[in-house]
Ligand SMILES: Cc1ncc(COP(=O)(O)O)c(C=O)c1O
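One chain follows as structure tokens, the form predicted on its own.
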Amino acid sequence: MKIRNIVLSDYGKASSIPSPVNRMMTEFAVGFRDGIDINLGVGYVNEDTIPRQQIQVACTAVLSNPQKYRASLNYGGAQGSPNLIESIRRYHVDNRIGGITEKTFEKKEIVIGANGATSLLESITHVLPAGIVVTADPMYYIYCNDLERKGFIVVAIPEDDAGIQTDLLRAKLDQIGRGKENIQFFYVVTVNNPSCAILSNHRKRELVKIVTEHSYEVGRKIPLVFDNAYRELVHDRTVEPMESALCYDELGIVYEIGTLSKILAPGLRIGYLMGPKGAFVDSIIQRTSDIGFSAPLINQEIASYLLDNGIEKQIEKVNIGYQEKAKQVRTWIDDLLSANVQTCSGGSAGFYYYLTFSNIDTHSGSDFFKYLTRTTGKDDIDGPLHDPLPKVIYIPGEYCVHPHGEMVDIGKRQLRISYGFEELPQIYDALKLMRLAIAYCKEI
């Protein structure tokens, strides 16, 4: 008797096929050679920004004070460590982050995720019914891919230098018509990944107004989720301070997701959600309980100690480092690639540049991509099969724009490069190889 294979859910079936970025990064990682190949695609923070000594001190302090950091090596509660929750609240209030005051938190809750900020985003997909999610284009491709595997329909609105274009958003909502009732939430990254475009305060206020109006129109509150993953990494001093939409959310629909990954260490896995008290937040807390409580309690207590002891100096150090790298990398982009670059965004926050070439394709089937990954099939370009010449990985724009959106064509000429993980000499070598790849594309 023939036995059928394991029956998967719709999500399981979709997940059994690796996403394009997952597949590309896996293929590259298999043969990656440290010190030879250069990875500008990975979104890792720079190793030098991780405060190892301070984390060691914090760990000792936590374990030495069981009265304050109770049972720190045991299980924690689903909402998160009370110490960390209070540290996050105090950090925002004392530093007036986004204009937040004590009054802002009167009817707000703070929740710690099970495994960084991504786990909170993932929880949202479980506690809300499938439907339409509105976001910016280019989009945060990792989360948007996950949304679509779970049956959500992603509607992506083109952005400009000030973030998602609210006039285009209004036009799209009018176009959707009665289908607007199927919108489940709005999701906006305030320093966008991949483009690092910074959402202006004016646009943020417009978004709150639009989603508030839409909520009244459909007769139910629609969550507006702001992803603040890179908010603390605005290292350009000329940029206006970012406001918190929590301060002018009158209806109670704004939720902000933050992380300590970029300013402390991704390995601590600390992400948190701030938003109005109610069933939505309660359901996320229960979801966190269902998948294993919040992040490891020792990590939460270490993070709490670090927030209470010198976090401002750490953030300043991190931003100085990224600002210096951003300026140098932009100089090299201008020197080496400018003749072929139509637009370049980023450099003021986070650690990405997003390039649009004028006449060079960058997608995974392009000659540019093949040159940099040494897969042209030409020995003089690729090098020996057993020992290929140095490779360079980046994120092609085709993965960052919505496949059914308005930016599909231009996405084929775009790419994201990270100046976070690799050091400056390696980044310079990678940009020189990109210039050679452009010359190769023009010759063939």
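The model shown is predicted, which means the values in this text are computed figures rather than measured ones. Residue positions are given as counts along the sequence shown, with the first one as 1.
The form predicted in complex with the ligand is left out here; the points below concern that form.
Q: Within 4.5 angstroms, counting heavy atoms, which one of the listed stretches 259 to 267, 367 to 375, 323 to 331, 85 to 93 is next to the ligand in the predicted bound form?
A: Going by heavy atoms within 4.5 Å, the stretch is 259 to 267.
Q: S244, N193, S81, T135: which sits within 4.5 Å of the ligand in the predicted bound form by any heavy atom?
A: Contact check passes for N193.
Q: Among the candidate residues G116, G346, G163, G275, which is the single one with a non-hydrogen atom no more than 4.5 Å from the ligand in the predicted bound form?
A: In short, G116.
Q: Residue-level contact is defined here as any heavy atom of the residue lying within 4.5 Å of the ligand in the predicted bound form; does D227 satisfy this criterion?
A: D227: contacts the ligand in the predicted bound form.
Q: Taking the ligand as it sits in the predicted bound form, is I110 in contact with it (heavy atom to heavy atom, 4.5 Å or less)?
A: Output for I110 is no: heavy atoms all beyond 4.5 Å of the ligand.
Q: Even though the ligand is not shown here, does L121 get within 4.5 Å of it in the predicted bound form, heavy atoms only?
A: The answer is yes: L121 has a heavy atom within 4.5 Å of the ligand.
Q: Does the ligand come within 4.5 Å of any heavy atom of Y140 in the predicted bound form?
A: Looking in the predicted bound form, residue contacts with the ligand include Y140, since a heavy atom lies within 4.5 Å.
Q: Mind listing which residues of 171 to 195 have a heavy atom within 4.5 Å of the ligand in the predicted bound form?
A: Stretch hits, in order: Y187, V189, N193.
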